[in-house]
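So this first bit is one chain, no partners, the form predicted alone, shown in structure tokens.
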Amino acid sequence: MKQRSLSFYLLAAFFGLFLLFLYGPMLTIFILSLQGPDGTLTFPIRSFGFYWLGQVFQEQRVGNFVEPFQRSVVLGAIVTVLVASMATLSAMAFRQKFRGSTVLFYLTISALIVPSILISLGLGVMFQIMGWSTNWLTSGLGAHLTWTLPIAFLIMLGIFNRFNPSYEEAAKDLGANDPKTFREIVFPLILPSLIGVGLLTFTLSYDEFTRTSLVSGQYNTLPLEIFGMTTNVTSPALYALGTLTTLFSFTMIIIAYVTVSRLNRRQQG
């Protein structure tokens, strides 16, 4: 009994250290962002306030946060729509056996094992050879798709592997064609999972740094702007930005969770 109790406390201590390691840096950023005008980048905190949260939306001494944030959101939204559509259609195609499917499958996921900096470098070289200028909305979009599409494809493939085809067969027996079957049967059933895939895709695109580093062109996305400003901005404005973007991410998760819960209740009802 004592040995079991000791094991329990050891596991609890290990889990506590794990949580501290996981959320400690985040809490540190939160605390350091809530300072007054005399705030610094390190402890101890001189004063408490929300001054630096407001400074995020102001022009910084070097660069700014607002425009890169807008680019990251726009790029993430475009990537989410494209990836959700292509991953769903691709996963549906792989439900049927066809010649070359195995080769095509491994080609699709091969981008996940190639170092991301090489993907960025290769895409930049390709644009240079073609005579195209790199831009966050063109070459940046291509770089993000090489990362997000294979992941979404694998997830949707697993979702359709658990999908009961009898629903589609019943709809077709009742006279529904393929587009109507997908619109009224398949899509409502996979919608909760598709929302989760979209949320994951947006997060991966929003936070992507390495694959965008060499192909963003003249204008930076938010991760690139933050990296460029770490050597120039010596104020808690960076911490405030981390706090706001984290709250933004949590807000999206909560909205997605509420939406999926309502969809599940509607399907069960």
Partner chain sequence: MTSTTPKSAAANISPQPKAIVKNWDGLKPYLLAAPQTITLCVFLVFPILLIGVVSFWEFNGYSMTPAFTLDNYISVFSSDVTLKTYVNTFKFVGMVWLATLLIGYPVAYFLSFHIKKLKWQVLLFLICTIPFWTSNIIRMISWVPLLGKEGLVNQLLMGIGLIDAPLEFLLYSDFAVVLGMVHLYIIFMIAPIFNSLMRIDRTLITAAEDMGASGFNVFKEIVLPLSAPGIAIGSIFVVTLVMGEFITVRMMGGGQAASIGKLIQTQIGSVQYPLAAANAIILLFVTLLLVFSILRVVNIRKEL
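By rigid core we mean the largest C-alpha set that fits within 1.5 Å across both forms. All of these numbers come straight from a predicted model, not from anything done at the bench. Positions refer to the first chain, counted from 1.
Although it is not shown, the form predicted in complex with the partner chain is what the next lines describe.
For the three residues T42, Q128 and T210, a heavy atom within 4.5 Å of the partner chain turns up in the model of the complex in every case. Contact check for P115: a heavy atom falls within 4.5 Å of the partner chain in the model of the complex.
Not displayed here, the partner chain is kept clear of Y51 by more than 4.5 Å at the level of heavy atoms in the model of the complex.
Looking at S193, you'd find every heavy atom of it more than 4.5 angstroms from the partner chain in the model of the complex. Shown alone here, I159 lies farther than 4.5 Å from the partner chain in the model of the complex, counting heavy atoms only.
Of all the residues from 165 to 183, those having a non-hydrogen atom no more than 4.5 Å from the partner chain in the model of the complex are K172, L174, G175, A176, N177, D178, K180. After superposing the rigid core, the C-alpha of S133 moves by less than 2 Å between the shown form and the other one. After superposition on the rigid core, the Cα of R183 moves by less than 2 Å between the shown form and the other one. Once both forms are fitted on their rigid core, the CA atom of L17 lies less than 2 Å apart between the shown form and the other one.
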